[in-house]
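To begin, one chain is listed below as structure tokens, in the form predicted on its own.
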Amino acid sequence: MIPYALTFAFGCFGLSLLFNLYRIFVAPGVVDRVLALDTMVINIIALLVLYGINTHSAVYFEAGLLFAMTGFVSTVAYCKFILRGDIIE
């Protein structure tokens, strides 16, 4: 039963990545694009964790944590750049 659930989850998260790519290119404003990029980071983390479950390897969980930290910092920096026009004060 687990292989079927993993296949379904891979399909759902892959489809959501395609929807996020569409939203990045068609979004009406910059804020919507930032939100789509942040959602893409979350979906990629989910795909990494699912792949780690599928291969029974803990390396992908650590990669997901590193990707989460990098995604959070980049989202905060980009939002600060949008609001103030400068990242470092």
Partner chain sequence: MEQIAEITISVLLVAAGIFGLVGSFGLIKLPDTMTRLHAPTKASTLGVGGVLLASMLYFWIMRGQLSWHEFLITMFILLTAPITANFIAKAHMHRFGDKNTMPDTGTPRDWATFEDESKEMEPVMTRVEPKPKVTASDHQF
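Numbering follows the first chain given and starts at 1. Since the model is a prediction, treat every value here as computed from it, not as a measurement.
Although it is not shown, the form predicted in complex with the partner chain is what the next lines describe.
Mapping the unseen interface onto this chain, Phe72 counts among the residues with a heavy atom inside 4.5 Å of the partner chain in the model of the complex. Interface membership of Tyr22, defined by any non-hydrogen atom within 4.5 Å of the partner chain in the model of the complex, is confirmed. Contacts of stretch 29-43 with the partner chain in the model of the complex, defined by any heavy atom lying within 4.5 Å, are made by Gly29, Val30, Val31, Asp32, Val34, Leu35, Ala36, Asp38, Thr39, Ile42, Asn43, listed in sequence order.
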